[in-house]
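Here you get one chain, nothing else, as structure tokens; it is the form predicted alone.
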């Protein structure tokens, strides 16, 4: 049977909840539409459209996350900072999927455990902003317009019409998410076998002069070992190859626009509870995780596993309170805490948070996001991140979990399979001078293909040597 819409209200854990109860709360990053009738038309349309994902996929992911919480699996989550509707193209989707699968294979090789592959894909169309408006100089005059909140809300061009929030973009976002998911499922169903031949991978960054010789040798050895393993599996017969090439893939995005999320929140046959059927793993951002806010209110009532971003200003008691609000039953596989400290703040901020949650006996999956706390602006005003700072946060986060005795069960990256020049450093040798060569992100800088693959090797080494956790 297909997923069906449910009634409007229901008494759930923690009090009266419905897919619309968030409307009674303060909503950070709230979008103000001019035409309320157009909003209702768009929301009504979304309620009638088929779901993007299914409840059984969500429940399967939840089971995998429960395994990762106790060290039996590892979660790799990555993708664009903000998808655009224009990015719904075969080559771009293929490249994103390819780098995530290649990174996961490196981690499987290093960890000797299954990897859960989750993409920031098919819905990452909304972005929080530090200010609701933006001011620029146009033709010698100061012009202030609404900030660009992502293609789910408005458009990037700096003119009044583009920046006007357009509710119909929610429907267009759904349509492009559906096309993206359909293509991904087709690729996976077909095997997407090329990613299982490491000898074809682009490892040209190992030739860069700044990369230590020992690291070059290690990367080349891992690549050869992976190729030999694949050849061995292929020699075992066609059935084994098919098993190897078939992988499961899940989607995630920040649940920022609650009109969009709640319109696709439904009851389903033969299961209890409500499911957000826009994605498998929605998360709450650092700017929207207020305990009395609309986003926590919405997320506490859905059956999906949910994530929460925690920055360095998070009070340990607040972190515990969030786990209680979002997972009052302390159920396995329900909650993912994504820490984003910044390399210089990990050692001061993270231990207290991890200890408080651990001492409270809360079941969570600890995931490191080493991207968002390490932003910087060059002297010429270009927003970037340094590869070394990203790797350093990973190392320090691993050390904290080892010291506390908790399990680091995943990572969360902003990356792309393209040859962009948005983050500096790494074996690819991107410098500040290279940033203007191919900087195409509409929001935050992303790791390129080579930087992403190199980071997978570094992470594999950290985890293989027992620096990440004690399962």
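Residue numbers count along the first chain shown, from 1. Keep in mind the model is a prediction, meaning the values are calculated, not measured.
One more form of this protein, predicted in complex with a small molecule, exists but is not displayed; see below.
Of the residues 261, 254, 393, 297, just one reaches the small molecule in the predicted complex with a heavy atom at 4.5 Å or closer; this is 254. The contact residue chosen from 280, 96, 401, 120 relative to the small molecule in the predicted complex is 120, the criterion being a non-hydrogen atom within 4.5 angstroms. With the small molecule omitted here, the record of contacts in the predicted complex names 281-289 of 281-289, 351-359, 159-167, 67-75, defined by a heavy atom within 4.5 Å. Although the partner is absent here, residue 81 is a contact residue: one of its heavy atoms lies within 4.5 angstroms of the small molecule in the predicted complex.
Contact check for residue 414: a non-hydrogen atom falls within 4.5 Å of the small molecule in the predicted complex. Interface membership of residue 132, defined by any non-hydrogen atom within 4.5 Å of the small molecule in the predicted complex, is ruled out. The closest non-hydrogen atom of residue 444 lies within 4.5 Å of the small molecule in the predicted complex.
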